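Take a look at this single chain in C-alpha cells; it is the form predicted alone.
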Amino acid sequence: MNKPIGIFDSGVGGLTVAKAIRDVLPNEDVIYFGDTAHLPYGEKSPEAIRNYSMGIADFLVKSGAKAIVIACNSASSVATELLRENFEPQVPVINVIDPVIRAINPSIHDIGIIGTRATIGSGVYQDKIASIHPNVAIHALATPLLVPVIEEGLEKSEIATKTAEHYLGLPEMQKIDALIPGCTHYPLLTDLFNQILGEETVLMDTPNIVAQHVKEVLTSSNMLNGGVQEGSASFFVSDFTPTFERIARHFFRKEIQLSELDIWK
C-alpha cells in the first residue's frame, strides 16, 4: 500500500522512532508531526494530551496515513484507546509502550522505568508489566528534567551528564538489571545511560523494538509498500525550533522538508 506511515510526538524525541522505522522499512514513506508548540507533553494534563493527540492523528489520516505511530510515551499512556476508537480498524494505531513490554526478557528480575511525570504517573508501564511479567520487580521513576535538556540541544553537555547521574544514582535505580527509557527523547542519551549504568544493566532499544512491531503490523495487514525505491519523509512542526531541524537532519543525513503548520487554527 503506497501510503505514508504517520508518526507524531511532542517534539524531537519521536524522531528516534521515525529513524528506526526508516531503517527497518526503507521503502516506506513517512509523515512526521512534532507538536513543538505544546511540548513537553509530560507536564500536561491527560485531557490536554488526548486533545492534542486527536488533532494530530486526524491531520495525519487526512494527509493519507495508512497507520498512526504514537511516538510519545506520554501520549501512548493516555491517548491510545481514544485514537483506536476513532481510527481503527481502517488505520492501525501503534503505541510505543506495548511492544517494549512484550520484549522484556523473562530472565529479568528487577526492571527500571524512567519517563515523564505523565507516563510514570499514569501507571501504564507498571500495570502492564505486572500483568505480563508478574515476577518482575518494577522500579519506576519520573525524570522530568531530561526532556527539556534534550529539547534545548544539550544532550552532550555537562548538564545532561549531571542530570542523568542524579536520576540513575537514586536508590530505586540501584537494583535494576534492565532499564526501559520510557520516553522517545531518551534514546538520544543512550551512550550516556550506558556509561552510567555499566555493562551489567541492559538498556532496552525501544526505537528498534517499536519499528520491528510496526513492520509486523503492516505485514499482517497487507499494508506494506511494494515499491523498491527509497521512501520519502515529510516533517511538520506546530512551532519551528532549530533543535528539531538539527536533530532531524542528523538522523536522516540530508536536507529535510520541514514545514511549520498550526493544525488548530
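We call the rigid core the largest set of C-alpha positions that still match within 1.5 Å between the two forms. Only a predicted model underlies this, so the values are computations on that prediction, with no experimental measurement involved. Start at 1 and count along the sequence shown; that's the residue number.
Not on display, but discussed next: the form predicted together with another copy of the chain.
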item: is_contact(residue 137, another copy of the chain) in the predicted complex, heavy atom dist at most 4.5 Å; value: no
item: Residue 122 within 4.5 Å of another copy of the chain in the predicted complex, heavy atoms; value: no
item: Residue 43 within 4.5 Å of another copy of the chain in the predicted complex, heavy atoms; value: yes
item: Exercise: residue 117 in contact with another copy of the chain in the predicted complex, heavy atom 4.5 Å; value: yes
item: One stretch from 150-158, 171-179, 95-103, 189-197 that, in the predicted complex, holds residues within 4.5 Å of another copy of the chain by heavy atom; value: 150-158
item: Stretch 153-170: residues contacting another copy of the chain in the predicted complex, 4.5 Å heavy atom cut-off; value: 154, 158, 159, 162, 163, 166, 167
item: Residue 167 C-alpha shift between this form and the one not shown of 2 Å or more, rigid core reference; value: yes
item: Displaced residue check between this form and the one not shown: residue 77, CA, 2 Å or over, core reference; value: no
